[in-house]
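The data below hold one chain only, encoded as structure tokens and taken in the form predicted on its own.
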């Protein structure tokens, strides 16, 4: 799918439907294509394999499979996966764990759309 959309496809992973909508709206406004979405880490791996997105936005605290475990399984499947963590303000240690697991960048909730776009661009070019 990446080649069809100029390398701008995104899989949005968050257990909050409201947060997924905010992320998707921010991305669509900047020309990104939403490849799909997932509400937990288990679904994230399934959707990643299905859509092969350019970038994944990943919440770290979710029911079922935790975001960090999802990052690890996605990276095992595709070591070149580009994952941007979106985390709450008081989850700094989880962000560090996510980066250690293979995430490329992160932003803190609440976020500005421009911060999200910058993190995604850094993950693509970095």
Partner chain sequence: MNEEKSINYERIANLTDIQKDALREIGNIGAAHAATALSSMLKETIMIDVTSSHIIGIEDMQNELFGDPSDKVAGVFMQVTGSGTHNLLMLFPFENTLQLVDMFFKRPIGTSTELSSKDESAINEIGNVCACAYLNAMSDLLGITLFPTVPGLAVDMLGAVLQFPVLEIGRRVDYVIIIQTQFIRNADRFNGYFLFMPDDDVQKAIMDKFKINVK
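Positions refer to the first chain, counted from 1. Small disclaimer: the values here were computed from a predicted structure and weren't measured.
As for the form predicted in complex with the partner chain, it is not shown, yet the points below apply to it.
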(request) Quick one: find which of 28-36, 84-92, 71-79, 45-53 has residues within 4.5 Å of the partner chain in the predicted bound form by heavy atom distance. (result) 84-92
(request) Consider residue 105 of the chain shown here, and say whether it contacts the partner chain in the predicted bound form, taking contact as heavy atoms within 4.5 Å. (result) no
(message) I'd like to know whether residue 16 contacts the partner chain in the predicted bound form, with contact meaning heavy atoms within 4.5 angstroms.
(response) yes
(request) Mark residue 96 yes when one of its heavy atoms lies within 4.5 Å of a heavy atom of the partner chain in the predicted bound form, and no otherwise. (result) no
(message) Considering non-hydrogen atoms and a 4.5 Å limit, does the partner chain approach residue 112 in the predicted bound form?
(response) yes
(request) Scan 58-88 and note down the residues that get a heavy atom within 4.5 Å of the partner chain in the predicted bound form; none is a fine answer too. (result) 60, 61, 62, 63, 66, 88
(request) Using the form shown as baseline, tell whether residue 21 and residue 91 are closer or farther in Cα-Cα distance in the predicted bound form, where the change reaches 3 Å or more. (result) farther
(request) Taking the shown form as the reference, report whether the CA atoms of residue 60 and residue 89 lie closer or farther apart in the predicted bound form; the distance changes by 3 angstroms or more. (result) closer
